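One chain follows as C-alpha cells, the form predicted alone.
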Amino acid sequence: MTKRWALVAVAGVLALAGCSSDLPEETPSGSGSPSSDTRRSEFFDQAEYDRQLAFRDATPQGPDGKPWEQMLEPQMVDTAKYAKPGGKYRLCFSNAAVDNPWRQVGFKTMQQEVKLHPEISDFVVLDAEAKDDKQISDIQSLSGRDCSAIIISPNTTATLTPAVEQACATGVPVIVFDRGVNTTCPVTFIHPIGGFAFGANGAEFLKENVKPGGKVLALRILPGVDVLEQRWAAANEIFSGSELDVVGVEFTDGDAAKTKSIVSDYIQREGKIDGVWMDAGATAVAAVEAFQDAGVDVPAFVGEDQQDFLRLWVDEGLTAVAPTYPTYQWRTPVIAAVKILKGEQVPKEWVLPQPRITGENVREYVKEDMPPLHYAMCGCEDMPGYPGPWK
C-alpha cells in the first residue's frame, strides 16, 4: 500500500464539510502556536513530497487545453475485460457530499460531462451527505443496481476502504477520484497532484515575496484531514528552511467571521503581518478585509481560485498567489468510465495537472458574471449551456 492511494483530495471551500477523515494521534494546538516547533507531522512523507513537487514541472500527456484529460507519468492498465460494446451504459456515482461550493461546482461540471457522452443512457447518483455510514450503504445499494461502472468520491479514507473493496469484488469497474482509499483495487484513482504541491506553492511564494525576518500568519481550517495536513506539512517544511518568522498557526473552522477576528487579533498583537498562508482559500476575502479594516497594507497573500478572491486581488492590486485543486477533475471520472467500458487503457493512477494562478495570469480567470464562490478552474467554459448551470 503506497501513500498515493491514501491521498484525500479536497480543495478550497470543500475543506469544512467535504473534508472529514481520521484524526491523527496528535493534532496541532492552533491557538497562537508559532511554528518554531518544526517537528514534521505524521502526515509528512519525504518520498511523496518529493514526487509531488517534481510533478509540478512534469510535462503532461494528453490534448492541449484539456487538463482534465491530461495525465502525468501514467502507467496504463488494460481494461479489455470490462468492455461492453454498444453503449447504453448505466453509470453510477457515490458522492461524499455536495455541501460546499467547491463540490457543488464540481458536481455541476460532472453532470454536464455526462451529457456529452451519448453512450451513457442512465446516470444514477447517491449523495452520502458527508456521512460514512450512509455512503457505505449507498455503495452497497449501487452494487445491486446493474451499474456498468461505479464512480466513488469517498467521504473518508480508512472507513470507506472496505466498501470500495466490496464494490470491486462484484466485477464492476470501480473508479475512485477526489479522495483516495487504502486499496489499489479500483481500476483507476483520479486526482490532481496533491496537498504537498498545494502547500508548497503557497509557502514558496511567501518565501520569495516576504523579506527575511518577516512575520507570517498561517491560517488552517481543521486538523486531521489528510490533504490539509499535507498542505501544512509542506508549508512547514519550507518555512522551517527559511528566515521567515511564522508567528501563528490558527484554525479558522472555515468561518469568515472567525477568520477575520483571528487576523485582527494578530495585527494588534504583532503590529505588522508580512504574509498570510492559507491551506484553503474560502475565507481569504475575510482575511484581507481584516487588514483593510485596520487601515494597514494587505501583505503577500495565499488564496485560492474562487471568484471573490480573484476579483479582490485584481481590484486591489494584491501581491498574491492562488494554488488550486481544480474542480475540472470532476470531468475525468466520467471520461475514464467511458474509456474503460470501451476497453481502452487508462492510467492506474491518473494524476492531473494542478495549475496555480499568479499575478501574471490572474485576469484571465476573473469572471465578473459568475457567483462569488464559483471556482475558476472548473474546465467548464467550453461546455454546452455555460454559464447557466453554474450560476
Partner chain sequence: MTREAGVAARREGAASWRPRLAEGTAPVLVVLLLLLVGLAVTGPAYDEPSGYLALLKRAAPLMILAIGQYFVIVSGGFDLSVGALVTAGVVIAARLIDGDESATTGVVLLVLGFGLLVGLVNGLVTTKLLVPSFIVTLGMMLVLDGAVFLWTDGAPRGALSAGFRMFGRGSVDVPLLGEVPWSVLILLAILVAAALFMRGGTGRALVAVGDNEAAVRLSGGQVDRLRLLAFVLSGLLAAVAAILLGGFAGVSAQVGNGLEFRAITAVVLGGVLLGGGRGSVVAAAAGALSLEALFTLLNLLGVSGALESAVQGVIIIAAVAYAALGGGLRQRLRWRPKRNSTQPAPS
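Remember, predicted model here, so these are calculated numbers, not experimental data. Positions refer to the first chain, counted from 1.
Beyond the structure shown, there is the form predicted in complex with its partner chain, which is absent from this document and is the topic of what follows.
The three residues 108, 258 and 269 all sit with a heavy atom within 4.5 Å of its partner chain in the predicted complex. Heavy atoms within 4.5 Å of its partner chain in the predicted complex are found in one stretch of 230-238, 194-202, 248-256, 71-79, which is 248-256. Proximity to its partner chain in the predicted complex, taken as a non-hydrogen atom within 4.5 angstroms, holds for one residue of 112, 148, 104, 307, which is 104. Just one of 318, 210, 217, 262 comes within 4.5 Å of its partner chain in the predicted complex, counting any heavy atom, and that one is 262. In the predicted complex, residue 286 approaches its partner chain with a heavy atom inside 4.5 Å.
Interface membership of residue 292, defined by any non-hydrogen atom within 4.5 Å of its partner chain in the predicted complex, is confirmed. Taking its partner chain as it sits in the predicted complex, the stretch 201-215 never comes within 4.5 angstroms of it through any non-hydrogen atom.
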